[in-house]
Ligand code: NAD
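The chain below stands alone and is given in structure tokens; this is the form predicted on its own.
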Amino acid sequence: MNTHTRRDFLQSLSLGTAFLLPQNRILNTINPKNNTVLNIALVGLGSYATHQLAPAFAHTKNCKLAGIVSGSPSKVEIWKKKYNIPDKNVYNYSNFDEIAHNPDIDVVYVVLPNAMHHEFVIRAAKAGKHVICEKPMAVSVKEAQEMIAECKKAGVRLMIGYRLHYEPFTQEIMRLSKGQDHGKVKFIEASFGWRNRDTKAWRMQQKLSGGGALMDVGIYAINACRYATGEEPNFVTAQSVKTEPSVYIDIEETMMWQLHFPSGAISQSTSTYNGNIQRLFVSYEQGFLEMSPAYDYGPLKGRTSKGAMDFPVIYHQVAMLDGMAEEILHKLPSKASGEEGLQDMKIIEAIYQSASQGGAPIKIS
């Protein structure tokens, strides 16, 4: 059985991934205004937490790894020794609520399967902790709305793990959406897929993932179309294709969709578990932008009709963690708010609805 993970795939796309760069090549543009540092506890010690987030804390300036939450005692022992985490900052899923009484934890980062986000974000909010939640933020619009409401009620921040919003290539795409360099956006092609055949992985189980390739990597393409246009789509049409139903049993294998924006811009996207693709193409009135790879951990590569995109290689997770910490510390607007995650969930639900209705246009509220 193929046991490769999405992390393995993302690493293989880049000959030199950012998290493997020597420390003196990792660039971090965050300049903390004071010496205050936020203490973060990771909830869930799976692949992303283990191989991306935890190592990033060695380079962060505004935050540090202070606690862990896991249902695996063997993992806990390894992490305690590796990251010097005291027993008082270690929790399991049953006693997690006791974190409310721990002043040494400021922020909880939920890195669990999608279907568990809702529960643990709300529990963290009720414990009085700021929350970072991996994307997609939930498995339904209803869950996302409840998470936002509970965090507001508790007076804590809710941020979603959109690491790309903190890196320079994506920030340049956002700048170009204003039309100053190449004019208005006319057409976008944004696609992301990888070969996933591990039927035992949680991503392949509807009850844990909430869906297939669309929920996993399709959200990157959806978000890219939104930040490339600077608009929210009016409606969507979508088509689902399954060529191997014995592998992709209760989730979609491949989803194709078209977003229509108020300005007249349109996008075409594909997410799939049955092939490797990672591309963003934006056609403007007087030029274009093309990136591949466009969404992985780096280094990202791209060009416009004016030449190569030349931006520093950064450690995405470092920039995101420090950026989010600074937003909390200094009460700044979030680049990756709960509302940002909610909007993607609205589009995802509309895509599933359209596909289930044979590609009928579905309005996005």
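Owing to the predicted nature of the structure, the values given are computational and were not obtained by experimental measurement. All residue numbers refer to positions in the sequence shown, first residue = 1.
Form predicted together with this ligand: not shown, discussed below.
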property: Heavy atom within 4.5 Å of this ligand in the predicted complex - residue from 118, 279, 182, 135; result: 135
property: Heavy atom within 4.5 Å of this ligand in the predicted complex - the one residue of 241, 208, 78, 149 that qualifies; result: 208
property: is_contact(residue 222, this ligand) in the predicted complex, heavy atom dist at most 4.5 Å; result: no
property: Exercise: residue 57 in contact with this ligand in the predicted complex, heavy atom 4.5 Å; result: no
property: 4.5 Å heavy atom contact, residue 161 to this ligand in the predicted complex; result: yes
property: 4.5 angstroms heavy atom contact with this ligand in the predicted complex for residue 44; result: yes
property: Candidate stretches 299-307, 334-342, 60-68, 46-54, one within 4.5 Å of this ligand in the predicted complex by heavy atom; result: 46-54
property: Partner contacts in the predicted complex for 98-131 (non-hydrogen atom within 4.5 angstroms of this ligand); result: 111, 112, 113, 114, 116, 117
